[in-house]
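Next comes just one chain, in structure tokens: the form predicted on its own.
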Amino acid sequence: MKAFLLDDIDQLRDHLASQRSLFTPQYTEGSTELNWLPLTSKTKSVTTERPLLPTYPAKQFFFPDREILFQFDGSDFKETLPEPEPQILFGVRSCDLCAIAYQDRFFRQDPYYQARRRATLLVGIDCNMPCEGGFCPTVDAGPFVRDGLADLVCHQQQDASWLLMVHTPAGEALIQGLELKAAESHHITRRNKQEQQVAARFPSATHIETGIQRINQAQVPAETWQAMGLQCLTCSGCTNLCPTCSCFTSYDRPVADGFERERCWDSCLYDAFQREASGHNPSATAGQRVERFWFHKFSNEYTKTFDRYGCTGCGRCEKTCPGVIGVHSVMKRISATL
């Protein structure tokens, strides 16, 4: 890894934008929400402001909510692989970078996902303060960017200057032409110490830790899941905003002289998600579906495949759920269960 010092992060941002299309979190007009939008001449940097996370995670850049997989004209099949333009996601937080790495593994043999992923370079940014509802330190997903998850990583130092870390050859190529001063070892040491300080500022997450333990030890009564299932409105807000959720379905529809197959996001909280052709449904009740969702997020069974939980501690589900069964509400209820 190479490291440099940077006076102004916008200087880096504008330099990168001269090479590729660049998307960065921005406030939409008249809104207090951050969303991923293309850089324009009027874009203001919000890399150090609250809220720290965009409303929607970055998964939409690689796994869109709808896409055509192939077409059939009556005689031939035509695959419709995307041909994305090279792009940069600038200012990706550690929890979302962990989620992208999770999705990279899930979709490692999916040519549609991989075509977009190969076209995208990632610029991560450390979180120097806890975000509302976040608990990334509890699931080892932050607050600072983990090695190997981004091409470039930016860290704001205590004197307001920036430490720029280069993790990949592609990242090194991006900064060619910038006059940068090499960082010294004490800058890296100081960053490591600061991460411990920031992590210590997060609110207690003992309810998350206890909930994870009880889920894995099958200590949550079915009645508790059923009670929470009654609160689920099957709106799919949690699965849509979860950066690691990757469930999808596909269907064929007629077009011209043939048909096309479209893939779109699905949700394990929908009644028909696991329903079989015979009519049997392994998750027939809402409580069973809620249980299945959280088992997938925190079961040790999945760490064998992904080396981490399916939750990266962003807290988006808690903010969006109208039924009050986001991660904090659920885990507090589970941890209080005797």
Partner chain sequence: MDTASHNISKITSSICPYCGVGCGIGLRVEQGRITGVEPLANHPVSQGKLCTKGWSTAFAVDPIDRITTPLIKENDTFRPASWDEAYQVITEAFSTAIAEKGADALGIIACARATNEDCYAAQKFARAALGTNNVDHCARICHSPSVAGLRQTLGSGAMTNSIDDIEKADLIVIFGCDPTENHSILGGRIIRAKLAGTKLLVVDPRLTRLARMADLHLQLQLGTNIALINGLLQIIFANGWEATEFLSNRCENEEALRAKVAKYPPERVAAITGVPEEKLIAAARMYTEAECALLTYGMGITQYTTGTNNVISISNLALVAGQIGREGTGINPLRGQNNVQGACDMGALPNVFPGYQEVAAPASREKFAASWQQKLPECKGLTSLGMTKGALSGDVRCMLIMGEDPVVTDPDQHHVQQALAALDLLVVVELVMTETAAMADVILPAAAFSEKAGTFTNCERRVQLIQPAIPAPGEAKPDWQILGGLASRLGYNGMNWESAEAIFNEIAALSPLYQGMSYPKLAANYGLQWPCNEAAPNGTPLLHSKQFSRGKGRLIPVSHADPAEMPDEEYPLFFTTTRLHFHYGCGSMTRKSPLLERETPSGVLFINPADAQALAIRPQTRVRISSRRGEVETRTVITDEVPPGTVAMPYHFKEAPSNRLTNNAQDPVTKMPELKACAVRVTNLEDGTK
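Here the structure is a predicted model, which means the values were calculated and not measured. Think of the rigid core as the biggest set of C-alphas that the two forms share within 1.5 Å after superposition. Numbering follows the first chain given and starts at 1.
The same protein has a further form, the form predicted in complex with its partner chain, not shown here; the description that follows concerns it.
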Next on the checklist: Quick one: 37, 80 and 264 and its partner chain in the predicted complex, is every residue within 4.5 Å by at least one heavy atom?
Outcome noted: yes
Checklist outcome for this item: Residue within 4.5 Å of its partner chain in the predicted complex by heavy atom, from 168, 213, 114, 87, is 87
Item to check | Option touching its partner chain, based on a heavy atom within 4.5 Å in the predicted complex, out of 161, 219, 128, 236 | outcome: 236
Checklist entry - in the predicted complex, does residue 320 have a heavy atom within 4.5 Å of its partner chain? => result yes
Checklist entry - residue 230: heavy atom within 4.5 Å of its partner chain in the predicted complex? => result yes
Checklist entry - Going by a heavy atom distance of 4.5 Å, is residue 303 a contact of its partner chain in the predicted complex? => result no
Item to check | Non-hydrogen atom contact residue 55 with its partner chain in the predicted complex at 4.5 angstroms | outcome: yes
Checklist entry - Going by heavy atoms within 4.5 Å, which of 187-195, 170-178, 236-244, 150-158 lines up against its partner chain in the predicted complex? => result 236-244
Next on the checklist: Following rigid core alignment, is the displacement of the residue 31 C-alpha between this form and the one not shown equal to or greater than 2 angstroms?
Outcome noted: yes
